[in-house]
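The data below hold one chain only, encoded as structure tokens and taken in the form predicted on its own.
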């Protein structure tokens, strides 16, 4: 009987997939999953869309769990506060200390906050189901809402809030929304789509202060413009939850550095990392390891990490194959469907190859040597499938 224990810190999709993979690869010992929320793993992409619009609950969003993980021990509502690799322990906020033989780091990310002076009542972020419910209660028809940031989360919230009847203002330093992955031209076309629905963009601008006594009543932009509002959403990127890992000699410069097997670099202890927190190498990005916050990466890294840790728990070497997952994402904004394969954000140049920017279209993205590194389509889901096949064939040949 296997009496070893694996502790998974992070009760999100990556942690769940790692647990399933551990079982699928023969680990029969104890699995304990620690999470800072009281909820078992649920689907986060709908938080800025359906959950915000319709108030979906946990029962609507929770992931179906395989029978193989029915015996997992859940420790929820208690975040991890410290890791001691020498003694193989994880400390929790309530003072509890959990011993482990193998560890999965799956603590993910949290929203980044700007140091803007002024009151904070009326200030929201969107990462959890609780966040979505609180924001939904605050949005009212015909009232202003200010969104700081024009990335995917900001634009998705802008679309949903507009559909709920709010008057939406998006404030962003970027010259166009979603410019990092999309480029200027496709970003501009998405801005025009939003503007046609009533969204107002303040580009090249930032918020210099929140105004009011106890609750935000307006925001002042860096050009002096004042926008009355009682609801502000910060959506300017993320911060990795690595503080609890300090003091163990790990590379935490941008998440947790791992190798192709998802094993954490810098320790001989059996530790892997998955999901948004893992900075990993990959066949499609050989120049340097990357953190990729796309919807499918917690599943891909979780599968690989579970197989690696199961081997280590059995005193075996993990499979040495290169990590060959295909990053993919989608975004629904109003009635527009955005879908992507690869890494368009790493492109040197791009070109539109189908349709035009004002309607359904496909844009190809190329690296500096002219190799296709990503593709984005607007309202062209079926037309993008050959690109997925092309990328998957390239991955199969390279792994």
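Numbering follows the first chain given and starts at 1. Owing to the predicted nature of the structure, the values given are computational and were not obtained by experimental measurement.
Below, we refer to the form predicted in complex with a small molecule, which is not included among the displayed structures.
The three residues 45, 293 and 328 all sit with a heavy atom within 4.5 Å of the small molecule in the predicted complex. Residue contact with the small molecule in the predicted complex: residue 34 places a heavy atom within 4.5 Å of it.
In the predicted complex, at least one heavy atom of residue 13 sits within 4.5 Å of a heavy atom of the small molecule. Among residues of the shown chain, residue 149 is not one whose heavy atoms approach the small molecule to within 4.5 Å in the predicted complex.
The small molecule in the predicted complex is approached by residue 49, whose closest heavy atom lies within 4.5 angstroms of it. Picking from 188-196, 295-303, 161-169, 202-210 the stretch near the small molecule in the predicted complex, with a 4.5 Å limit on heavy atoms, gives 295-303. A heavy atom within 4.5 Å of the small molecule in the predicted complex is found for exactly one of 271, 155, 106, 233: 106.
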